[in-house]
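Starting off, we have a lone chain in the form predicted on its own, written out as structure tokens.
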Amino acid sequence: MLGHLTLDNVKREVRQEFAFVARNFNLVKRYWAWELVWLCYSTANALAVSFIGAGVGVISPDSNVNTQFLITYLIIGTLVWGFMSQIFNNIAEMIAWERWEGTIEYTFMAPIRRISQMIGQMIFAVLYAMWFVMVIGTAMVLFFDIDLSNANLGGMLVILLAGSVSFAGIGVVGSILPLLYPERGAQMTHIIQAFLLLVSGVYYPTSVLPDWLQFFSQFSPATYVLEGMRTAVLPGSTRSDNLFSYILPLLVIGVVMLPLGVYLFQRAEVYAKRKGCLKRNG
């Protein structure tokens, strides 16, 4: 195998991966109006959730809640979840995009390795998620006073990148559903996302969950990304000394889930071809 790992082969793999990145960005440009609608909705939703923190002091004026702390807590949750969910959606729904465009048969017949397609899709998903969250984050800065002067920015970036790999692996597993179920598979992926939203502590600490849901929260990469980001940003939190305790499980989950997701997808692809599930739908 090592004898085939030549510079030309590496260059070809890289070109194939970035071909998928370019293809997906072209799709975004083609459907820019829908992307704008979803961006506006997501921004309004993030602002609405964050205003809950500001409203607590009005609803319960006698409470001793630190309003600014609560607002920052919710902003971190909305931005991190927006980033993670964009990665998941772009990977999990890639088959649905292929069906809609009528290119699914050509993609699966192309002389490329499936891992190259997945890596290209993951690179696009991370880049698009960063742009998406930067726009929403800019709106947050305009509405709220966010203090990042003491934040561990380097640790935040490492946590996000480690979480991206983990979520990409889960997204690849989720993409099996639209592969096997052409009519409703894309909608079924939202069940996975909804469960992760519930158990990961996006808007609340996981300690308030019932014990049986807390058990599942420890297997969600979003749990560690959210807790790590809040540790790195919120005042009074211990930062760099403890960030590795969040990064390590993210790396473990990513190392397990990404290869496992690609393997399961390849097995599902063989099954889908045998059963004739590769067809245009839309």
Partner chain sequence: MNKALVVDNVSKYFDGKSEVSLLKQWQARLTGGEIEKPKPINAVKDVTFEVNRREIYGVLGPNGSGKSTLIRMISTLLIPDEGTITVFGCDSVKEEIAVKRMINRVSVDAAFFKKLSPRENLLYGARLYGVSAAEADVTARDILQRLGLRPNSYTAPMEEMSRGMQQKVAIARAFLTQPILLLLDEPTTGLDPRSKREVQAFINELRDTHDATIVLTTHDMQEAEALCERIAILDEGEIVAEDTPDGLKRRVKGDNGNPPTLDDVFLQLTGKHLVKEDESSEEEVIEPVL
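The shown structure was predicted, so the numbers you read here are calculated from the model rather than taken from an experiment. Positions refer to the first chain, counted from 1.
Here the subject shifts to the form predicted together with its partner chain, a form of this protein not shown in this document.
J.: By the heavy atom within 4.5 Å rule, which residue out of Val65, Leu27, Ala54, Ala44 makes contact with its partner chain in the model of the complex?
T.: Answer to the contact question: Leu27.
J.: Exactly one residue in Phe69, Phe244, Tyr31, Phe219 has a non-hydrogen atom within 4.5 Å of its partner chain in the model of the complex; which is it?
T.: The residue in contact is Tyr31.
J.: May I ask you to state whether Val126 is within 4.5 Å of its partner chain in the model of the complex, using heavy atom distances?
T.: No, no contact at 4.5 Å.
J.: So in the model of the complex, does Phe18 come within 4.5 Å of its partner chain, heavy atom to heavy atom?
T.: Residue-level check for Phe18: yes, a contact with its partner chain.
J.: Should Thr103 be counted as a contact of its partner chain in the model of the complex, where contact means heavy atoms within 4.5 Å?
T.: It does: once its partner chain is placed as it appears in the model of the complex, Thr103 has a heavy atom within 4.5 Å of it.
J.: Looking in the model of the complex, any heavy atom of Asn152 within 4.5 Å of its partner chain?
T.: Asn152: no, not in contact with its partner chain in the model of the complex.
J.: Name the stretch: of 200-208, 95-103, 78-86, 134-142, exactly one has residues whose heavy atoms fall within 4.5 Å of its partner chain in the model of the complex.
T.: After filtering at 4.5 Å, what remains is 95-103.
J.: Where, within 258-272, is there a heavy atom within 4.5 Å of its partner chain in the model of the complex? Residue list please.
T.: The stretch touches the partner through Glu269, Val270.
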